[in-house]
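Next up is one chain by itself, shown in structure tokens, the form predicted alone.
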């Protein structure tokens, strides 16, 4: 696969705050996968009753659709999305 093909897929930073509950992280990952996105980076920290999750996602589907689906999860308290700048195209 050529480097140019990789640059055509949009990337996003997604920050999510969820209630700390069994399988909450697995549900989040499942929604991301089912909605057509790939997790390229992920970090999670636990702060008492909350999980703060930072994801870097790749996908060509509308990110607003993913955000709306994540917000429907009963454990999700906040979802923030930011498009990534074209770092790959600058490196390629």
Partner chain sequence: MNGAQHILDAFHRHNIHTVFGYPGGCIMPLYDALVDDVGVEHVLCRHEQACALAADGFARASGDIGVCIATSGPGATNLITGVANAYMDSIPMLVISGQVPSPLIGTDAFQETDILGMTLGIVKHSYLVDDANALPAIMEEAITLAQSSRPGPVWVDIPKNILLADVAAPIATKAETPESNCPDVAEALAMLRSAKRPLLYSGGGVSLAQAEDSFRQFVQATGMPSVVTLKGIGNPGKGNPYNLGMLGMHGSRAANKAVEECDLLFVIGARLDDRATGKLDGFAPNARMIHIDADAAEINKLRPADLALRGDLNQILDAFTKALSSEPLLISDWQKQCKTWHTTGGFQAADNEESLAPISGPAFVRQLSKIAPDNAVIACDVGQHQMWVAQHYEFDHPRHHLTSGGLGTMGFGLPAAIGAQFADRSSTVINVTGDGSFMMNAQELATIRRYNLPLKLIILDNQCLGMVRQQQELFYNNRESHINLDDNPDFVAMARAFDIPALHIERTDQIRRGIEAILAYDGPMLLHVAISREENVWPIVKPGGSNKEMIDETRRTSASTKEQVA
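What you see is a predicted model, and the numbers here were worked out from it, not measured in a lab. Residue numbers count along the first chain shown, from 1.
The form predicted in complex with the partner chain exists for this protein as well; it is not shown, and the discussion that follows is about that form.
Chemist: Since only the chain is shown here, I'm wondering whether residue 30 would be in contact with the partner chain in the predicted bound form (any heavy atom pair within 4.5 Å).
Modeler: Yes - in the predicted bound form, heavy atoms of residue 30 and the partner chain come within 4.5 Å of each other.
Chemist: Using the partner position in the predicted bound form, report whether residue 65 sits within 4.5 Å of the partner chain, counting heavy atoms only.
Modeler: Result yes; residue 65 sits at the interface with the partner chain in the predicted bound form.
Chemist: Applying a 4.5 Å heavy atom distance criterion, does residue 26 contact the partner chain in the predicted bound form?
Modeler: Contact with the partner chain, yes.
Chemist: So in the predicted bound form, does residue 69 come within 4.5 Å of the partner chain, heavy atom to heavy atom?
Modeler: Judged by the heavy-atom cut-off of 4.5 Å, residue 69 is in contact with the partner chain in the predicted bound form.
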